[in-house]
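Have a look below at one chain only, the form predicted on its own, in structure tokens format.
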């Protein structure tokens, strides 16, 4: 565990980074408030809900804590008044008080919007940041800056509201798509350029692309990046002076995010572009020697960034709305060299216009981003009611293998096929429906054994029909050879195929068929 501390004038915020899993997070949350027993609202987006949210909820309740749960649509475009109201409504309708606690599990969007909700609900309640992304661990969760976006500018409406603590489970990074890992490194690069010294020398050797770093290097860089931000925030909590330096790359970066359309460029990608603009301006303003600027730009350009269709005119129009403007003057964070930053408000308009044109050429010349953000096919394997009793439940019909045995066999088969499986199970219809809905943000396909809900659940059918992911219906036994009431399936005609009567082997058959369908080689599929 890495145990860091952010000490401000008003409080001490522990920051813990660990490879511990959701059980570790639950224990840490419980210990933070022992012997108190406040109520908790756990909030995450739907992708994180599928991967970690429900699991953390279960662990928290197993600790004897009272926890409400809610999921939000994912994405930067959701960081708005409407989503903020959903959180506030949940807190109000469940009668949360100032003694209670909001838990923000996710990346920068979830951290920002939930921290802001905590700052204004009941004139301020406690909250904990539980970051699940590189960006969240290095930047968004540290420092207490919380906000939502306005149509004119990113993070325009917000407040300073420090969390009680920051608990980061490094294991959650394993499910990040490569683009998000690479994007999150922008804040590490920013910190190294501001600090200089050893962290810059190390990063200069490794390059700006986090996908080329080893796992150990990534973890070490996250800790170093977090330390760099802690040092600055501890000296200037409310951004009255030195903390403004953390806006390196953000002036043009925020404008780029806005005019490209939220979601076109990630925050980190826009900041990477914005840091290039800062180097360009630094050289043109005579602060940075040309040879240093050329070397820095070449180093940054070893990282491939996505393309966006933006114009200099739209970029310039977005700049005056940036919240960092002071009495009509934009503050620019420039550099003489790595480790020697400077805050300037005297950059001539003509130079800003020239820089905007230069930057737009770069952005329009970026790389095409693949629609597919991950390489391995992702399959959600969903188990319905009473399947948790496998191994003891009517073995003459369902076999002697436990649900854990079946999942291990599926995992082994999926690895051989180059696929990634996620297993979820529930005895509750509504929870199964939530898993199906959330799967649309993560999975490429679904294998579902609905158990008895096969014959009763119109709602399950509607969920599968709504998300339009290719789905295989699976049964260990053959319902058509059993009692008459088991002959009808409500979901069969919204699935690609039904695999039944093969016992545990049916999962491999279903997985092969689904992967063949997804790869376009259906004629070569098994069984």
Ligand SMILES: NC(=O)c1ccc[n+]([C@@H]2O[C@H](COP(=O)([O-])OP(=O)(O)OC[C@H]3O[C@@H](n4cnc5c(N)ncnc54)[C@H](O)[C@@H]3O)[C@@H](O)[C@H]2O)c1
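Numbering follows the first chain given and starts at 1. Under this definition, the rigid core comprises the largest set of C-alpha atoms superposing within 1.5 Å between the forms. Predicted, not measured: the structure shown is a model, and the values here were computed from it.
What comes next is about the form predicted in complex with this ligand, which is not displayed.
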Problem - residue 48: touches this ligand in the predicted complex, heavy atom cutoff 4.5 angstroms - result: yes
Handout entry: Contact flag, residue 132 vs this ligand in the predicted complex, heavy atom cut 4.5 Å
Key = yes
Problem - Exercise: residue 180 in contact with this ligand in the predicted complex, heavy atom 4.5 Å - result: yes
Practice task
Mark residue 176 yes when one of its heavy atoms lies within 4.5 Å of a heavy atom of this ligand in the predicted complex, and no otherwise.
Solution key: yes
Fill in the blank from the handout: Answer key, this ligand contact in the predicted complex at 4.5 Å (heavy atoms) among 253, 191, 163, 136: the residue is 136
Practice task
Let me know the one among 119, 276, 83, 172 whose heavy atoms come within 4.5 Å of this ligand in the predicted complex, would you?
Solution key: 172
Completion exercise
Answer among 196 to 204, 358 to 366, 102 to 110, 287 to 295 for heavy atoms within 4.5 Å of this ligand in the predicted complex: the stretch 102 to 110
Practice task
Identify whether this ligand in the predicted complex is within 4.5 Å of every residue in the set 74, 140 and 229, based on non-hydrogen atoms.
Solution key: yes
Problem - Core-aligned C-alpha movement of residue 422 between the shown form and the other one reaching 2 Å - result: yes
Problem - Residue pair residue 53, residue 441 - Cα distance in the predicted complex, closer or farther (3 Å or more) - result: farther
Fill in the blank from the handout: Under comparison with the form shown, the C-alpha atoms of residue 210 and residue 442 in the predicted complex shift by 3 angstroms or more, placing them closer
